[in-house]
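The data below hold one chain only, encoded as structure tokens and taken in the form predicted alone.
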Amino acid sequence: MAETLTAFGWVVMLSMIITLWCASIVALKKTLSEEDKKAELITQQGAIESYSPRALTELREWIENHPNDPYREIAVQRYNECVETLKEIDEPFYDWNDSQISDLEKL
């Protein structure tokens, strides 16, 4: 026994489809805009930092809390690469300020 959707059901279903498409388009546009900015910074500076301030802080905490982990050396290498890049470039991609960058030290 097949039941048909009511007019209200069709309206809700179509509005959900439109909402999902709009959200997807906004997310795609934002992502592409950020990737364009990254590509532009790489072209201008030759490099960009690989971590945001929060991510780099979390990476440092992980390194300090896992001294015997087999991935520690790789994490330290990535951390140091990001610090070195931040000190070399003129314009960071993420929201770093000058005092945060000057306070960073390699591990």
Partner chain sequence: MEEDTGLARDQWATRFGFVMALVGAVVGSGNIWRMPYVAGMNGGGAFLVIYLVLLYLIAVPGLMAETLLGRYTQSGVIGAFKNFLGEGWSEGLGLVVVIVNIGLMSYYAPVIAWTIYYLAHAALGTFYQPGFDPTAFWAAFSGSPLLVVGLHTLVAVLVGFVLLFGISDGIERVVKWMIPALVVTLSAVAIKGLTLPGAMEGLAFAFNPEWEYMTDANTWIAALGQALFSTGLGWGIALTYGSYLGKNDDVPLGGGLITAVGNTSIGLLAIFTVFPAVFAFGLEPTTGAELTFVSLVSIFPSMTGGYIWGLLFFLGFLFATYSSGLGITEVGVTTVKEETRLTRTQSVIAVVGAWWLLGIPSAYSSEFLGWMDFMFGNFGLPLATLMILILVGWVIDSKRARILDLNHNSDVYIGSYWDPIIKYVIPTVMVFIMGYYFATNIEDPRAISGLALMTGLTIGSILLMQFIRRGKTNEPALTPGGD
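For clarity, a rigid core is taken as the largest C-alpha set superposing within 1.5 Å between two forms. Treat the numbers as computed from the prediction; the structure is a model and nothing was measured. Positions refer to the first chain, counted from 1.
If you look for the form predicted together with the partner chain, you will not find it shown, but the lines that follow are about it.
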Proximity of Asn80 to the partner chain in the model of the complex, heavy atoms at 4.5 Å: no
Any non-hydrogen atom of Leu41 within 4.5 angstroms of the partner chain in the model of the complex: no
Heavy atom of Ser50 within 4.5 Å of the partner chain in the model of the complex: yes
Asn97, heavy atom within 4.5 angstroms of the partner chain in the model of the complex: no
Sequence-ordered list of residues in 63-77 near the partner chain in the model of the complex, where near means a heavy atom within 4.5 Å: Asp69, Pro70, Tyr71, Ile74, Ala75
C-alpha of Tyr94 moved at least 2 Å between the shown form and the other one on rigid core: no
